[in-house]
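Just one chain is shown here, as structure tokens, and it is the form predicted alone.
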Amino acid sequence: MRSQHNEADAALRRSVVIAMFAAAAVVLGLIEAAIPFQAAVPGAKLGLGNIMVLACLHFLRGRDAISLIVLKTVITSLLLGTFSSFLFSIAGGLLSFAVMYALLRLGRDRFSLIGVSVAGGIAHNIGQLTAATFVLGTSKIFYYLPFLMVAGIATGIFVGFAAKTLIRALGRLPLFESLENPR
């Protein structure tokens, strides 16, 4: 009976954290939409919502991070985008998740959070271009990949640093101390 209570308590705490992270990711997405970063590299974004995905991967399970990605993508697309932007975002988000999750599973000590973030940023761009290939019916869109990769590296460094700072700060809170380093 006590074990069921502890499991229910842990599930509730995870759900609350996912909801808080999703809300923060949506707000970051709205802030990002107001920043004219796309003028430098068309189609590139800062990926501020990825800060919350990295924090989720640090404190929670992989399936929790997938829930966060789906929530932030659906809500942000409903508020700001179109169906094609939803497809690009979900394809990029899921490929980015797969790469970051795999790197973290291979070893948190082998890869820095900034390195994981850079790999996730590049994977996000590849996922978006793959979705664009299906939507537009041409793979010539991949000629744009080198420009997006440069942007992905730059934004990945920024996002990784921000996520590292956030994780360090959240780790001091009692709620997150009990969630840290799930397997």
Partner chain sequence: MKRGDFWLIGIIVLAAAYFMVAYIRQDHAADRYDGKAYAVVTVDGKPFRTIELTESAERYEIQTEFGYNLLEVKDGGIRMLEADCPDDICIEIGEVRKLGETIVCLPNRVMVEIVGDAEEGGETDAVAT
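Residue numbers count along the first chain shown, from 1. Everything numeric here is computed off the predicted structure, so don't read it as measured data.
Same protein, other form: the form predicted in complex with its partner chain, not shown, and the subject of what follows.
A.B. asks: Counting only non-hydrogen atoms, which stretch in 113-121, 51-59, 66-74, 23-31 is within 4.5 Å of its partner chain in the predicted bound form?
C.D. replies: Contact-bearing stretch, as computed: 113-121.
A.B. asks: Would you please decide whether residue 103 lies within 4.5 angstroms of its partner chain in the predicted bound form, comparing each non-hydrogen atom pair?
C.D. replies: Answer yes; at least one heavy atom of residue 103 falls within 4.5 Å of its partner chain in the predicted bound form.
A.B. asks: Look up in the predicted bound form whether residue 97 has a non-hydrogen atom within 4.5 angstroms of its partner chain, and give yes or no.
C.D. replies: Judged by the heavy-atom cut-off of 4.5 Å, residue 97 is well away from its partner chain in the predicted bound form.
A.B. asks: Using a 4.5 Å heavy atom cut-off, state whether residue 132 contacts its partner chain in the predicted bound form.
C.D. replies: Residue 132 belongs to the contact set for its partner chain.
A.B. asks: Considering only heavy atoms, tell me if residue 35 and its partner chain come within 4.5 Å of each other in the predicted bound form.
C.D. replies: No, no contact at 4.5 Å.
A.B. asks: Which of the residues spanning 66-82 lie within 4.5 Å of its partner chain in the predicted bound form, based on heavy atoms?
C.D. replies: Sequence-ordered list: 80, 81, 82.
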